[in-house]
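Have a look below at one chain only, the form predicted on its own, in structure tokens format.
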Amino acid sequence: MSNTKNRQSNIPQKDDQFLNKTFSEKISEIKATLGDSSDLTVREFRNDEQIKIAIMYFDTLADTQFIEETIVKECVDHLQGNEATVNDQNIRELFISHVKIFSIKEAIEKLLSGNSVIFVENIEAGFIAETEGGERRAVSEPANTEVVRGPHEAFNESLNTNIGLLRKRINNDKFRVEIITIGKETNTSVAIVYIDEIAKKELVTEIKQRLGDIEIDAVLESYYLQEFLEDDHGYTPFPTIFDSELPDQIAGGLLEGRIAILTEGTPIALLAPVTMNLFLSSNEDYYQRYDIATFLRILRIITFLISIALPAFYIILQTYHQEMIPTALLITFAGQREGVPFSVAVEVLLMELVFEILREAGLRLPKSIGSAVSIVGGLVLGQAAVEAGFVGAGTVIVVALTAISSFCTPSYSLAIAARLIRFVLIFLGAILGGFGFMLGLIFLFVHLNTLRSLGVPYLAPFSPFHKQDISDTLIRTQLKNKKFRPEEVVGKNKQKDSNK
């Protein structure tokens, strides 16, 4: 049975046993169920007529300042007015929220969401005050993505804030948000965001179904959902769900017909369905001249291919196909390798492993010293290895160029996939030479052609071929000429300017 619940469609279930309890018994039962937690605050108010009002909230989840300045103040003022009776009518006037709760389960769910639950003597049902707050990281610049031109806002860990960042960019009555909870133990809020009539209804339904089928104890980060959303096509290192911390990038995807998944507690949003072209594009491509953006886009594609194939290509040239190297360059390589005890394949493999170690060390160290350690370590180790005669200078250059090229890939998840494929091609090239290298590339292309993202081909619009979508893949089309949304993902509203 699925543990996913749509919060918008929940119908309150009355618990007569709970409703028949006295004012004090309801409070005691909730406190006992929650283990009498130290951060659970219960504030009671009464007047001379012994009319009691109790406010319950977690001070670690709720906006305590709002509670003090609004709810508590209203309660005190109301009771000091010596109201003889408290009934549904004046309690509705007293509190902002008119939502009632009828069961202990519902009360606890609201408390754990940061809301306050209010009980009044002689009134069976409780009331909810929306006081969600607590300590949250403010909206700041992206931590992992450098932005030269464009918005400098990034998602944070608050689901409501992230939805708001998207709403500010898409001021549209077709903007849809559906919130569900996933995780048997964590009850994490997850938002499905899309634009009606632009997103395909079948894709929206598919995502809802996949999220609804998830049975998991905890959702602590959006990747917990990503594995369940990906199509079942066996092992692949390539990401088939896009992730980003940039609201403008996710908003751009929504306007193309894609669907976003936002998760409470993480600044990383997911976007699906996707094609490989999306991972090689940058949101800044549309914030600068189309000719410059086209040059940079082509450069990224070239550097991505270099990051995958250059070390293996260097090995097969040096080991199996030396006749393809110009004579002068071959003599230079031979001079550099004089006295080196290892084969070219072993050299490349060792240097690649060293650079991976340095890269990982740079990520784990504090930011103030991480970059310095990785740069200095690479320079010192590379120079020392050449001078000691362990590797040739050409090998260090090839490995360094490969590492730098991998940094040009906009998507970190795709760059990691390229690193894994690189090692596979190195082994194939070292064992089988040019034949193994080409065989690896063919299998790689075939594998990419079998991948799907929510049923959408990964290599679209090249395979299958869609002529109108090709214009904005290898090159960046001028915005005035970009009139249609991607064929594979868009719903009914295919044309960007409906007046044309």
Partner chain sequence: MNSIKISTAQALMILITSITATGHLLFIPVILNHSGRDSWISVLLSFFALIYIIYIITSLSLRYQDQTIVEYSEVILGKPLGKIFSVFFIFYFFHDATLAIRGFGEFYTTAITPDTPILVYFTLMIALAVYTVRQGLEVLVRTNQISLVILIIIGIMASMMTLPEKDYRNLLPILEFGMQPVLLGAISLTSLFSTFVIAGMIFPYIYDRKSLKRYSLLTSVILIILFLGPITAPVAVYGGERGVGFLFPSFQLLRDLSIGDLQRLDLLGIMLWSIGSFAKIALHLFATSLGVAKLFNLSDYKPLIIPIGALLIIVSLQISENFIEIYRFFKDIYPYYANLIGVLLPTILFMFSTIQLKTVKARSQDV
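What you see is a predicted model; the values in this text were computed from it and never measured. Numbering follows the first chain given and starts at 1.
The next section is about a form of this same protein that is not shown, the form predicted in complex with its partner chain.
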{"property": "Answer option from 450, 33, 65, 468, heavy atom within 4.5 Å of its partner chain in the predicted complex", "result": "450"}
{"property": "Residue (of 60, 70, 463, 37) lying close to its partner chain in the predicted complex, criterion heavy atoms within 4.5 Å", "result": "463"}
{"property": "Residues 333, 340 and 342 all lining its partner chain in the predicted complex, heavy atom within 4.5 Å", "result": "no"}
{"property": "Contact label in the predicted complex: residue 302 to its partner chain, heavy atom within 4.5 Å", "result": "no"}
{"property": "Contact flag, residue 323 vs its partner chain in the predicted complex, heavy atom cut 4.5 Å", "result": "yes"}
{"property": "Partner proximity in the predicted complex: residue 432 to its partner chain, non-hydrogen atom cutoff 4.5 Å", "result": "yes"}
{"property": "Contact test in the predicted complex: residue 351 vs its partner chain, heavy atoms, 4.5 Å", "result": "no"}
{"property": "Answer range among 173-181, 276-284, 312-320, 146-154 for contact with its partner chain, defined in the predicted complex as heavy atoms within 4.5 Å", "result": "312-320"}
{"property": "Stretch 429-448: residues contacting its partner chain in the predicted complex, 4.5 Å heavy atom cut-off", "result": "432, 434, 435, 438, 439, 442, 443, 445, 446, 447"}
